[in-house]
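This document starts with one chain, in the form predicted alone, laid out as structure tokens.
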Amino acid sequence: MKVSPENIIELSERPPRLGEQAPALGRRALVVGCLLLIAGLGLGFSGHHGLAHVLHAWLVGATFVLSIALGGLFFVILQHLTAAGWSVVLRRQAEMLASLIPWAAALFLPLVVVTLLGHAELYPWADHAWAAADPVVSKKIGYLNGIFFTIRMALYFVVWYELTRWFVRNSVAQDRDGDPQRTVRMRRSAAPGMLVFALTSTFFAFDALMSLDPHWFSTIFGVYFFAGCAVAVFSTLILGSLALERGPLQRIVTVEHYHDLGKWLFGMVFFWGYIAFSQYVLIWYADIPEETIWYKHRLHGGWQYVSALLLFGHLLVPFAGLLSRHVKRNRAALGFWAVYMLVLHLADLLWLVNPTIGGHGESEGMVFGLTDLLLWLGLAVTSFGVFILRAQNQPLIPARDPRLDESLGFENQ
């Protein structure tokens, strides 16, 4: 977009918004998503593993939605922390993704309630008698119990909600009053906000995912989860920008912005691989049975194929595919890799969660089927509907951010 004072004034006075068809699209997505969820729940409860399969599939889908929302929050905090100018026209999308955190909390509520009631189909430590009798888990009962688990989960979502509300409220208010001091305040809040985000997302990963096998632990697991969130949000921002560029963001989002998004996606793919390898090699080298058993479950019973898929499909293939500068500046190619990485991110979450369906840290081999697909699609589509309905009345860019002109005229060197 050619930057001129007239361009800036026009965008400030009439910022782009979603079209009139947005509410109908959001409502249709909610209806379709609910139908998919009903079908998935019906099929799951009638299947061999029943409630256990449903809860694990729901956890994968809910974590997928939450990972995108947390990735959006990370993106927002990071841009303020670094006073980035290139990303201003993309930041509102990330703010709206982060605003899905209350919805993600609602998705996690059934899992928390089931655990609080003592059902151990998802988290074996919820069975108090088993936990007390187990020589390892009995020492963790002070932390791994339904009441404290519920308190911690509530704390995480409240903290994330307050962080999101602070940044989004100031960003939207700046659209109205144009006060540049709001940018200063958001930047000052970014450093402590990033620290709080890092701590809460790390402990959430410990609680929601790592404690599925209460015997196993990894101090790097929270970073692994964060890397997946980063891959997910940059993929989503690419797809969102491609969709909106055909309409309200035409000539606002340019190939230069895609180039940087592609660089970020490439970097996060490599970072995910680095963390995954670091976790694996340290556990392999130590060769401690209570640590290696976690990988044993994921290298046998059919899960070895998913492990190979992650090694090649989540790391080596996209590493080569995203390496070229030309790919990052090609909308079609970058869009393909964004979809591809979201699918592989979902496979990564499946690999983390479903091997524990056997219960009590044991695996029954590969458990995966139509139930998983229906519930994942249902949660994703309903979340898309909620996103559209929440975003329909918001400007799609921070129209009076003092760095808007820098973003509009951004060029890679």
Partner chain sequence: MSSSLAGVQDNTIEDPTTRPTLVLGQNDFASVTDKVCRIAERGGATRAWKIAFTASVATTLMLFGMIVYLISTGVGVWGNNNPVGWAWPIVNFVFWVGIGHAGTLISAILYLFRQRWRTSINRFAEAMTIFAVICALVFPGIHVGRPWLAWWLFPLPYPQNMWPNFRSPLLWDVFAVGTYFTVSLLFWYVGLIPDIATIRDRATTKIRRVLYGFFALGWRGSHRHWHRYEVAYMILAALATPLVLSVHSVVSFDFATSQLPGWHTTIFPPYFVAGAIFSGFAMVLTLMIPCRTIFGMQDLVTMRHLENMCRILLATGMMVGYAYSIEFFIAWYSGNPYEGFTFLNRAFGPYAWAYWIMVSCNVVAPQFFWFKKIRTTPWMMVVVAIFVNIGMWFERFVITVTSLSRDFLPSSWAYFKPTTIDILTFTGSFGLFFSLFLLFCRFLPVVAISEVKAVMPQAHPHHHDDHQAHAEEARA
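Computed from a predicted model, the values in this text were never measured in an experiment. Positions refer to the first chain, counted from 1.
Just so it is clear, the following notes concern the form predicted in complex with its partner chain, a form of the same protein that is not shown.
Residues 107, 248 and 395 are none of them found to lie within 4.5 Å of its partner chain in the predicted bound form, as judged by heavy atom distances. With the partner left out here, its partner chain still marks one of 336-344, 304-312, 228-236, 191-199 in the predicted bound form; by a 4.5 Å heavy atom cut-off that stretch is 191-199. Remark: residue 85 counts among the residues lining its partner chain in the predicted bound form, judged by a heavy atom distance of 4.5 Å or less.
In the predicted bound form, residue 291 approaches its partner chain with a heavy atom inside 4.5 Å. In the predicted bound form, its partner chain lies within 4.5 Å of some heavy atom of residue 180. Within 4.5 Å of some heavy atom of its partner chain in the predicted bound form lies at least one heavy atom of residue 402. This chain is displayed alone, yet in the predicted bound form one of 136, 316, 113, 132 has a heavy atom within 4.5 Å of its partner chain; that residue is 136. Scanning 120, 244, 96, 210 against its partner chain in the predicted bound form with a 4.5 Å heavy atom cut-off leaves one residue, 210. Residues 270, 274, 275, 277, 278, 279, 281, 282, 283, 285, 286, 287, 288, 290, 291 are the ones in 265-291 with at least one heavy atom within 4.5 Å of its partner chain in the predicted bound form, listed in sequence order.
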